[in-house]
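Okay, here we've got a single chain as structure tokens, the form predicted on its own, with questions on binding and movement later.
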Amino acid sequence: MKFTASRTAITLWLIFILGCSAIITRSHFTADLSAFLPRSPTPAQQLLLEQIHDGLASRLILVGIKGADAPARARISKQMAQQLRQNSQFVSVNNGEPVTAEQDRAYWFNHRYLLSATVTPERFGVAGLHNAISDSIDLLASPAGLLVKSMLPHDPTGEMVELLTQFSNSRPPALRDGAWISHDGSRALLLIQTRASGADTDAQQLAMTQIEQAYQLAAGTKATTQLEMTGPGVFSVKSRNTIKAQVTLLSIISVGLIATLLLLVYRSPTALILGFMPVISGALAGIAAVSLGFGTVHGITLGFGTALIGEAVDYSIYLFVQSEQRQHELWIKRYWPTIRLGVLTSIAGFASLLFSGFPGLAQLGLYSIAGLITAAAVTRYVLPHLLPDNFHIHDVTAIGIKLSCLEQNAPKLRWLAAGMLLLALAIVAKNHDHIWDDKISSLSPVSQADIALDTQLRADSGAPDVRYLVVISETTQEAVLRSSEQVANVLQTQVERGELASFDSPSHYLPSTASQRTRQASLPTAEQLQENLTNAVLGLPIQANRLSPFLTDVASARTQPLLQLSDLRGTSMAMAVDALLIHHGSDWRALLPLTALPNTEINAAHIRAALHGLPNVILVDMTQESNQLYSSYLHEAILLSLGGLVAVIALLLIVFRSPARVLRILAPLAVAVITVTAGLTLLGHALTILHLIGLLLVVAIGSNYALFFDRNTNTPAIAPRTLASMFFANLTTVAGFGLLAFSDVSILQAMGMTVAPGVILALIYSAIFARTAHAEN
């Protein structure tokens, strides 16, 4: 019967491991921050999510070429652009070359009477024509004289000049040797839009690879230049690679460190190998559970998996060290209930995260629960069956006896601990208003060097750095374009008042059908225009008969088809309209990005006041929105953590039915959490969501220590082997989490800096605040 139970347990475990492995091989891993954004966002948050996932800015890759001289950089830029334009992965590749200039000019010129906002009945009356033609003649003496002169017979009212002025609000980079250059002339610049969304990390990585290949082909094998890339997609790829490299490196070091430590303790390679079985099982179960539950696994969750090594290995340590020789049944009877209760308290704490509206937080909760349950279950139900008949480890009783001496004297430090607690409380109280970092940038794994490069290239290339957006929502394309025109009129007033430098609008490139019809209707008949023109040129240095092409063009414009979205195809404006005019489900949305004057901030209150009363129009501050989003995220996480604490208290009350006993168990954990919080504050670290998760882990891991130290005054003292097992478990946990403190990824570093000192303090405080056993014991 015993053999059958053993074989059944091992078989089920192997099937489970194979199943988890199969799921993981089909899992998708990501590293972008969208996993830490809410499932049910507000309209503004929804816009933020869409922009992060698929907005124009998210699909831009900014490229810089440094080194060599300007002609060499320009040559490489042109050759790269030529090759990349033939690649269907890229929607557009701009480096200043006039690739679409002819199409753009044709679009503006052929549709100037539908596009120009100055087309009114008055403009084509005698007085209007006289003034417009007079202005065009004045321009003949300006730097634009050659252009105006060539167009004058067809466009004496200057509609083309009006359009060129309107579209020249965005200043492109300067040209040198036929390619864009940075302000200081040290870089050639390219602005590349990928077809894939910025959230598709795999596609962004492929795009980066193709850009690098194009550069290497253009620069040659003896390149003296350097390729630089930045943008949201590049950040996602770099973050994923950084986290992956860090997790891999730290996992190897962590496993090596813990293995060395356990080998010194066990003096048995067999025990070492078997001791990692619960860890591996728990990690696989955690990743598989997250993959099944969420569809994707975030890199931070994998980092968390590295840390779990430090906790999950505790269970096998307890089994090996606490067991007398081959007396595993006795261990199960004496110690398993305590370990099981420790696992349950951890689950109660982490279960609250499952209710988070933020997938990233819920992932960590699910990973922890699945991983800990599996590790504990494998330790209890599988590991004893895997132990060979001659299994034994080095006797650590001597170490346990020394620890017993320390444990018996630990209560003498209660006054010192109380003083530490008061000091920590004072630090927390003094700094309570800035303990938490409520900016979402605190979660970003992007390095400061990459951020600085992005800022530099963005400023050089004039790429959109969208912070303020006016968002208009309607049910049809026509309605949203008409609203865009109304908003554009309001914003133009703000430009003239000096509140804004400029703004963009989809209606600039594609006016509403109503506006196009109104402008078309403003054009007089051929006979009327001929008569008006004859009178209008009186006194001007031009004859009416020289403007006969103008009569022909206006007559043609009166009946030409109205502009459609498809007419923009092949022009540089197609990309702009694609980004600014969004069809989402049954709704249409127009985005009007605002540009501030140099070295000034946009006064959002003034803009909102100007837009007040316009239906379905909102001004969104993307930076403020993202920070508010993270702030609510952090607030929710704190509430959920408190909910987890309540669940832990309820569980312990149900088990022990003694509030005083529950208080004794939780007191050392609370003191450890407060002390770590104060310590991080003193070191200048504002707490993030990952610090909070770390504090939860301190409670989860520390609860095992507190439960082992929990006893009545008439119960025996803790056995030396039990003390030794807690000591070794604590060392492995500190080794696992402590390594994270040296990570280059700030979010992993935060967890390491929180958990490593926290579990040490939890063990020490548990010993200090434990009730003293009878002397005879």
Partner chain sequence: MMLFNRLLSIIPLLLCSSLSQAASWDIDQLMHNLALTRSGHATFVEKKTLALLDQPVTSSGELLYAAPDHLEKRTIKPKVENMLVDGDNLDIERGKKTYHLQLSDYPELAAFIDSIRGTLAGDRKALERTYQLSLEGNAANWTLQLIPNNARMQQVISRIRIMGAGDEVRSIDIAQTDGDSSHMQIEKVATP
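Just so you know, these numbers come straight off a predicted model, no measurement behind them. Positions refer to the first chain, counted from 1.
The following text describes the form predicted together with the partner chain, which does not appear among the structures shown.
S.K.: Among 542-550, 229-237, 471-479, 345-353, which stretch has residues whose heavy atoms lie within 4.5 Å of the partner chain in the model of the complex?
M.R.: Among the candidates, contact is made by 542-550.
S.K.: Taking heavy atoms only, is residue 175 within 4.5 angstroms of the partner chain in the model of the complex?
M.R.: Yes.
S.K.: Would residue 121 count as touching the partner chain in the model of the complex under a 4.5 Å heavy atom rule?
M.R.: Looking in the model of the complex, residue contacts with the partner chain do not include residue 121, since no heavy atom lies within 4.5 Å.
S.K.: Check whether residue 162 has any heavy atom within 4.5 Å of a heavy atom of the partner chain in the model of the complex, and answer yes or no.
M.R.: Contact check for residue 162: yes, within 4.5 Å of the partner chain in the model of the complex.
S.K.: Determine whether any heavy atom of residue 496 comes within 4.5 Å of a heavy atom of the partner chain in the model of the complex, and answer yes or no.
M.R.: Yes - in the model of the complex, heavy atoms of residue 496 and the partner chain come within 4.5 Å of each other.
S.K.: Go through 377, 629, 645, 139 and name the one with a heavy atom inside 4.5 Å of the partner chain in the model of the complex.
M.R.: Selected option: 139.
S.K.: Only one of 635, 149, 340, 267 has a non-hydrogen atom within 4.5 angstroms of the partner chain in the model of the complex; which is it?
M.R.: Looking at 635, 149, 340, 267 one by one, just 149 meets the 4.5 Å heavy-atom criterion.
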